[in-house]
Each structure stands twice: as structure tokens, then as C-alpha cells.
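Starting off, we have a lone chain in the form predicted alone, written out as C-alpha cells.
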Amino acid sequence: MNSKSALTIFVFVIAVGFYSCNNDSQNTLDKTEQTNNSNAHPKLILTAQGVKDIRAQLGTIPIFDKTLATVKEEVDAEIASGIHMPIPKDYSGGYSHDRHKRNFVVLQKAGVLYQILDDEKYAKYVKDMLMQYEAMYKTLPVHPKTRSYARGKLFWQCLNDSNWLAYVSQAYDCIYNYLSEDERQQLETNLFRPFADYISVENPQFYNRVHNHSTWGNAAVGMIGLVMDDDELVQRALYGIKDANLDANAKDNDGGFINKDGKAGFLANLEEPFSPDGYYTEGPYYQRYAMYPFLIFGEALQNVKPELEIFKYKDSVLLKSVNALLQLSDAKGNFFPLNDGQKGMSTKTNALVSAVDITYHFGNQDAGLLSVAKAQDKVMLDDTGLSVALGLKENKEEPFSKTSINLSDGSDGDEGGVAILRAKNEDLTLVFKYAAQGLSHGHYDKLSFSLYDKTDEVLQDYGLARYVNIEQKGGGNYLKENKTWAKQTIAHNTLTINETSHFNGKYDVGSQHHSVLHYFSSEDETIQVVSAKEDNAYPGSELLRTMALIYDEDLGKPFILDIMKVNSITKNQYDLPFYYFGQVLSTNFEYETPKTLNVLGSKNGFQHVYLEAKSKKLSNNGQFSWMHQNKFYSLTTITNPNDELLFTRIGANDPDFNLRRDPAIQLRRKNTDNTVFVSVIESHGNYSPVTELATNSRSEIKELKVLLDTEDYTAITIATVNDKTKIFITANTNASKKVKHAVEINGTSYNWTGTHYYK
């Protein structure tokens, strides 16, 4: 009989009410007494009442039972292999790092299994490992790797030490009553309290700040404080260390300020990085990472200190943040890689399993979250996971609705934002970033965008330059190319002026500014528009970018209209790249390819770009078509006679092959002050490798023209190959939805109310 079959039988026995008691242990309290005791254990995440409720449902809640079986098999295998306690010495991806990371995950799961299955072997395993950690930690020096601004002991940075304590506090809570008073005293005196002090008062530069790092530290200290009933630690978690006296100009390894304004503690980390819409200023990749400590500590506070009403704090921003994060993913659930973000991170990560379960349980039981949980195919083994499992059992789930949405940035929602425009059939999704700097993980990419066709990237955001937890690549940490390439403006689909990044690539300057929303319109599904301004990235130059997602029956499929308007007091060189994926199909212009590859520039990211080809002569429109994932796309852009279209590729000056060799088509305009860039991006056909037939492989656009470009209005005509002409007019100044506009162009009057006109 395999382990899963055995567990199924065991679960069935429990479900009909049979439980064995632990006759040997005087330390195990009667579970009924625990349920009636407000200070009973477990109380942190899994609660005594939750244990009782879970046991009553076992065998009848499929997703919970399946998760339980998987976890039991995993932990049983770890117990069989014995306890592994290497001396810490490695960076991320190294053996000691991964082993201690594995240990804290398994400890948490083993503690939960002890409570749910009432099997002493799991408690003994947790106790034995904790005692080994206690013996080690008493004499453990600071980690030998010196890269971090806040070195840990078990790990190379305090961040990972905080991960350890956040998970292990849950394991300790689950076996609290299994241990004798002397054993608890031993662990708390020699391990838990010194551990909490080390990552906080001994490393205030890590702990006393507003950042995902300190969020983990706050949660870890607070959670072990709740288990030990140590209110001093809980207060330290909520409000930070008093009188830390940190240097306001000190920076971390990523170049971000450690504590410029003196704010610290879990509540400050709720208040500052989150906008009222729930957008986290570091971007979705780090929001996902921070969701676990935010919500797991939130759940612990709700269970142990409900009077704090933590899930109502800042107008329930924690619960709102989960919806925002789910919206920041593509049709497959992969998060958009804004700022430092690794591609492929998705809503199936464990941090989102806990976030969805906790939000469902403590929120308004949103049935859309159940469909997300169903796709995740697992739940937390606690009270919240039980709620989700029961909701799915009762067939309450509804599809989670991903909509066009404008998410504000900044603690008060007034520091730019991220807009997502989704076609009504979800074929195309436009992600437009006009946000604040995003702390130390931010990029210099004001008014940048990326484009998705269902789950495929059509025009990409590069994301981060890092191979997380792959030791061979820089110890699994950020590579130098993250600063020299991924953060630079030219690495994004936005405008670079004079081969210099926004704010000259200086964090101190960029962190003082944000782009400003001009208008956002998504009420009409056939034409959705976002427009934003950036006046500080280049002193003396003002940028206004307006992007529309338009569905017009005359063109068959949705398309993107992109208008970048520039006003500058000087003549400049402008570079506007479009980072595409796929195979070049055709162009309407001739180009020359060099026999030897040259580098595009010497700094600000240009040193990492090869020039592969350059246009010879351009007409009024340059058109470029390509194929990706058996779909056809075209970019049509208005060009001047002296413009250049460049074929470029990432990878120059990269001897360690740390960068992907991705291509771009780049529009270059020289010796120009005021100007406007206008492009249309289409998805217009597909290819079947089975039938070997191509459908609609050519662009539907015949010509783009600028009819009018003034301070107040920009008007564009789009002529199709079927001799249809469309006109789009955007209001550049007064963008109120109630204002009436009247514009005469070439003898024709155009009248409308609101931000834009299209017909």
C-alpha cells in the first residue's frame, strides 16, 4: 500500500470520528480545553478551533485532502532521510542555503501535520530539529559571505533569516504544548529571542525601513512574539525599533535608501508602499514576495489580537492588494515583470496560495477567488484553507474577472500608477507604466509599455537580470547587468533622449519624481485609452504618451495606437525601441546589414546593444512585420526622411552571457526638438504548421498621418488597405470627461465631449 492510499484510509477513519490519544505525553493538553482557552496553541495561523473543524471535515473536502496527502508524503520523506544541519557558508542556490531553506519549510509543514493528524512523530521531528538549531545558534557567527548590507547567520542575508523565523514560528506554535516548560524556555532563551534580536535590534539597517526586506523582518519578529506571548517583540514588529538613529543617506546593495524618512515597522510598511488601490510600489514580483509576510502576519494578528482589526487597516488595503496583484497577471496567471521582476512567476506560487486563502476567509468570500484557488490546486492547511475547500466543495466558485484597470501608485494614490487595458476578448493586453520609482527595485522606464496576446509576450519588458537561486550565476543574486542593462531606459519600450537614461540613471533623483496621469478611459470596450505625462525625466523636455487599445470591425482584430508627444527646449537625439519576439517577415524599407557587429553606444545600456541592420531610406511610414508563436504582427510608424529604423539585439559587452539575446526594432530621430512619434501595432493573422497555410499575414494598415499636432490636440488618421480611414483625436491639455471640444481640421469640424475622439 502506498503512502497516499494509507493516508486516504486514515483520513476516512478520522472523518467518522475516531481519534487516538497520546497516552505517553503529559505535555499534550486536551484539545477541548485548548479550544476554550483564548491563549491556546496553536493560535497563530492554524488555530485550536480550526484543528477541530478540519478534523470534522477530513475525507470530504477534496482539495484540502489532496493537499494534505501531498504534504504528508513530502514530510514523511524528509523524516526518513534524517535531519541535515550544515554549517552555513553558501550564497543562494548553494547547499547550505538550500538545506536550511528546505528545513524551515518542512518544519512548518510537519507542525501542521502534527495538529491535523495527531501523530506524535511529526512533533518529535520538529522538536529534534529545533533543538539542533538551538545548539548551533548559540555559537553561530555571522555568515561568512559578505555581500549583503545586513548579513544573517543561517543565511547570507538577514532577509533569509527572517524567512526562517516566520515559518519556524508557526512550527513552534503547533508543538508548543507538546514541549515541556523547560524545553520551551531553552528554545526561547537560546534560539528564538536571540534570533529575533539579531534580525532587528542588531541589524536596524535591515529592520527599520520601508521595504519588502523589513516586512519579512517585522513579520518574523511579530509572529514569534505572538507565540511566546512577548508583547515587546510584537510592539517592535508593529512600530519598529525606537531611537534607531540610522543614517538618512545610507543605501542598500541595490542602491536604494535604507531609511530616509525614519518610518519603520509593519504598519508603516502597510501604509507607505501600498496605494489605496492595493498596488505595491516595488511592482508585482516583489509584491508577490511580500504578500506572504504581509498576509500571514496579518492572519496571526487577526487570530491573536483581533482588536487591532488589521484587515481593516488603511481601508482594508491588505485585502485590496490581492485583487490588484491578480489583475497584474496575464491570461495564464504570470505576473507582468515590471521593475525587478522574474518572468514566469505566477499566481500558482505558494505566496499567492496563502494570499488567496486568507483574503477569501477574512474578506467577503469573493467567489472569483475560488476559481483562482481551484487553478492553484492546493490550499493552506489551516482555517483559511478549510474555508476555501468548503467553498469549492459547495460549487460556489465563479470566474475571476480580469478587467481593464488603472492602479494608482504612492501611499495616497497620487504618485502615478500602472494602467492595464484588456481587449474584450482578452486577445490583447496592454500594460502601461507611469509609476513612481519603485524603491530600490525600480527601473528608469517612465511611460513604458508591454503588450501581450493572451499568454504570449508580443512586445516585452525585459524584467530583471538575475538567475534566482542558481549558484553558478552570481550566487543566485542580482548580476551587475541588472544595473548596466535591465534598469536602464533603453532596455524598455519607451523614449531615451541623447543616449541618457531617465533622471540620468540616478536613484536619488528618480525617487523624488513620478509621472502624472493625464486621463484613463475604459468605459467603452471598443476604444480604451490611457495617457500620462513625464516632465522630470529629462530637464527641459516634456513627454506625453497616449496609448489606445481599439477594436474596430473594419480592421478585424484589436490594435494599439501609440502617440508619444515631445516638447523640448533643445534639439536632441531620440531613440524609441520596440522589443519584439519572433521572426522577421518583411519591411517596406530597404536596410543594410554590416559584416561586423558594432555596439550602439558606450554607456547607459547602449553598450549592451548590437546594431544588426539600419534602414537606407524611409518614406512617410516605416512598416515592419514579424511572426511569433504562429501569429502575425506588424508595427507601422510615421517616419521622417532623416529618421532611421535600426534592427538591434541585446548581448554586447556581455562576456558571461548573462543577458538574453532578444531583438528590437528601434526608431531613431536626430537633431529635433518638438516632435511626435506615432505607431500602430497590429495582431492580424496566424499560421498553421499542420496545414501549412497562412491567414491574413499582411498588415491591414496602409498609411498613418498626423493631421494636427498643437499644444491642445493631436489628431491622427489611420488608412486601411480596404480604403477605410479612421481619425483619432486626443486632448493634450484639458482632459476632463465632461468638457466639450470643437476642432476644425482641413475644413472639417470635429465635436465631442470627453478626453478623445475616434470615428
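Each residue number is its position in the shown sequence, starting from 1. A quick note: this is a predicted structure, and the numbers were derived from the prediction, not measured.
We do not show the form predicted together with a further copy of the same chain, though everything after this point is about it.
- Relative to a further copy of the same chain in the predicted complex, residues Met131, Ala244 and Phe311 are all farther than 4.5 Å at every heavy atom.
- Though a further copy of the same chain is absent from this view, in the predicted complex it lies within 4.5 Å of a heavy atom of just one residue from Gln472, Asn620, Thr189, Asn671, which is Gln472.
- The partner is absent here; in the predicted complex, the one residue of Ser316, Asn653, Ser521, Asn536 having a heavy atom within 4.5 Å of a further copy of the same chain is Asn653.
- The stretch among 214 to 222, 432 to 440, 190 to 198, 658 to 666 whose residues place heavy atoms within 4.5 Å of a further copy of the same chain in the predicted complex is 658 to 666.
- Taking non-hydrogen atoms only, Pro144 never approaches a further copy of the same chain to within 4.5 angstroms in the predicted complex.
- None of the heavy atoms of Val676 is located within 4.5 Å of a further copy of the same chain in the predicted complex.
- In the predicted complex, a further copy of the same chain sits within 4.5 Å of a heavy atom belonging to Glu612.
- Contact check for Arg698: a non-hydrogen atom falls within 4.5 Å of a further copy of the same chain in the predicted complex.
- In the predicted complex, a further copy of the same chain lies within 4.5 angstroms of at least one heavy atom of each of the following residues of 583 to 602: Gln583, Val584, Leu585, Ser586, Tyr591, Thr593, Pro594, Lys595, Thr596, Leu597, Asn598, Val599, in sequence order.
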